[in-house]
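Just the one chain here, laid out as structure tokens, in the form predicted alone.
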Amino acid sequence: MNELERLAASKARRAIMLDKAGSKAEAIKAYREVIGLLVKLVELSDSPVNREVYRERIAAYTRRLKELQEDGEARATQEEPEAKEKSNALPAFLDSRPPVRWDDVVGLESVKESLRQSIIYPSKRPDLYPLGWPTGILLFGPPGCGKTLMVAATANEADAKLHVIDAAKIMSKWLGESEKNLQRVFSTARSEAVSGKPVIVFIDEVDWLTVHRQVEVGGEARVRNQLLSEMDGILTKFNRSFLFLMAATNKPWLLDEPFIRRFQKRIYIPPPGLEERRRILEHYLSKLRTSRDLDLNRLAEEMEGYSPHDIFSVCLDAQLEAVKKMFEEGLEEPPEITMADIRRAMGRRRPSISRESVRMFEEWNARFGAP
């Protein structure tokens, strides 16, 4: 509760700041996030007084959210017709796979095994699955721990076509256009899956599209209903379709239970442990010139709370400093990277994963996880 209250207060301050600065699109997104957190606080709080305070804030932020959305729609109706024609185009999504394999993802072996059983094996021998196979997979965990990377690697391992939807970009200022955007993506994917080759539709930051029903306003409710309709067409019992829906979220507690239950697989992507941190360091630093004093075991211990992305950023910063020194001092090549260099980089890149956030993910996993 305390962590949620602090997070809600921080999000509220940011929403108000963005609103005052005139950043309407960002303010709308921030207001949605804080409203979702407040709704969760209403559900969890045992204090009638606190619940009433949370409801009042939800009402105030929802009113402001509606005002911003209505203002955006009014401005949209005044734009040139040509602009609307451009907005009718299919929203940007990837139709090719990034060159990444499971070997590029350090650790997470149990996650790979679950995805292998859910996607790769059924696509190779569908005759062995008279009851069908999982077609809805939700990945959740702290930011920077490899959810998106795992999806891309899975698509390559399964030789599947990959469509990546950015939940924030699917929304359109044109009335009814957001639902059509979503419908077109799924329609395209369904037609491709008829060939028998796996197709993966991946929705990143899915919580952005699926806020709690209590706070849905305007086009958000229509988009949510469209998404649920598309999901119901895929995530049915005895489904033998080669169309898979994968989604990722850093905030699983913002999802409501009817949406959660639509995913047969709900897989936790945890932060790296000690051995995984050491292997991630080894993976990146093996590409650089390093000194003999570099103790990966010691660095891995010191990097508790660092996500894989944090570790990459530390290694990148160390590389940049070495190259900078080469140019500034007229050296023939970058100097070797030392323990001191890595620690200086760590001083600029603090760990992004707190123990409290890990506890929240583990509690959610204990309740809803289904690997």
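Just so it is clear, the model here is predicted, and its values are computed rather than measured. Throughout, we count residues from 1 along the sequence that is shown.
The discussion below concerns the form predicted together with a small molecule, not included here.
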| item | value |
| --- | --- |
| Interface residue in the predicted bound form among Pro143, Pro99, Gly273, Pro258, criterion: non-hydrogen atom within 4.5 angstroms of the small molecule | Pro143 |
| Of Thr148, Ser241, Thr290, Ser123, the one that lies within 4.5 Å of the small molecule in the predicted bound form (heavy atoms) | Thr148 |
| Heavy atom of each of Thr135, Ile137 and Leu209 within 4.5 Å of the small molecule in the predicted bound form | no |
| Among 181-189, 259-267, 124-132, 104-112, the region lying within 4.5 Å of the small molecule in the predicted bound form by heavy atom distance | 104-112 |
| Any non-hydrogen atom of Ile280 within 4.5 angstroms of the small molecule in the predicted bound form | yes |
| 4.5 Å heavy atom contact, Trp253 and the small molecule in the predicted bound form | no |
| Any non-hydrogen atom of His309 within 4.5 angstroms of the small molecule in the predicted bound form | yes |
